[in-house]
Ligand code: GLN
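Given next, in structure tokens, is a single chain: the form predicted alone.
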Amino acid sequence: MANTQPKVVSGLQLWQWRHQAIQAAIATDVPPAEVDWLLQEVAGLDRLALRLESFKNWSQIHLKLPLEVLDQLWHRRLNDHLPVQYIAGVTPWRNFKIAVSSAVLIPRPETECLIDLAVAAAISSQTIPPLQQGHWADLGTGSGAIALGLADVFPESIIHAVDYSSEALAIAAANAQNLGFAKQIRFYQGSWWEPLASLKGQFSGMISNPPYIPTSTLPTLQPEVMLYEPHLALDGGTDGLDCIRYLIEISPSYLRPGGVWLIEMMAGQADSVQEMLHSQGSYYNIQIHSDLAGIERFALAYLSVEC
């Protein structure tokens, strides 16, 4: 966020700004609901005050940034496709409010399903000790969203979060600290499994939302994604499967027998991922799961006990 110093405006000033911002959003095909979501974050207004417009009569409202800066950023949202989450500096994810910046991907609602799939996989497993305990890895942690989700549902586990970007790790570590998970999550800078070599064969599970967009597809993405989100976290190589292919090959040496391998992927990649998992020879009970929109979005497998 451009300026974190509190600023004071009158309710009438903010009401006028909101009215103009909503009209401008409608005119540029930006969802007008983004205005109220943004005001909840930067002005501390609740939904009822916004819906009833009761704040119009308040003598003063404290903002997290000057109104003129907010207005400039909103015009960047309308004209330059700046994601509203980067303006607010936060985004909701599961039951958390996660800090974000242009150093990290904005966590998507569909990615929340990874945590539910991990819980279901752990519960259905008969592995001793239970998969809910021990070590779990979040590879390519970004904002730390998946690591936070794992720490929340597996309180008896230690979560190891890895990212190549030091800027992303700083945000992830701050999120863990702010949300009370600093003691449970450990952060590492490096490439995929490499920083975790000392724990080979010990992981109950790994989750990753890796880069999976084919390089040639990147220019066709929404401007909000293409212009602002880090390409390092998007570009999956020629076929979009470079990182997934690597994780399929390398992970068996890090997982314990019966451990969970779970990733997010792009629509249309399920058959290829399933075939690669089969061909690798170390996995069993290979599953493809759809997101809430019915898109085959997630691949899950267990490491064979014989490995």
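Numbers for residues come from their place in the sequence shown, where the first is 1. Keep in mind the model is a prediction, meaning the values are calculated, not measured.
Keep in mind the form predicted in complex with the ligand is missing from the figure; the text below concerns it.
S.K.: Of 72-80, 203-211, 128-136, 177-185, which is the one stretch near the ligand in the model of the complex, taking non-hydrogen atoms within 4.5 angstroms as near?
M.R.: Heavy atoms within 4.5 Å of the ligand in the model of the complex occur in 203-211.
S.K.: Would you check whether the ligand, in the model of the complex, lies within 4.5 angstroms of a non-hydrogen atom from each of Arg108, Leu234 and Glu264?
M.R.: Yes, the whole trio is in contact, each within 4.5 Å by some heavy atom.
S.K.: Under a 4.5 Å heavy atom criterion, is Val225 part of the interface with the ligand in the model of the complex?
M.R.: Answer yes; at least one heavy atom of Val225 falls within 4.5 Å of the ligand in the model of the complex.
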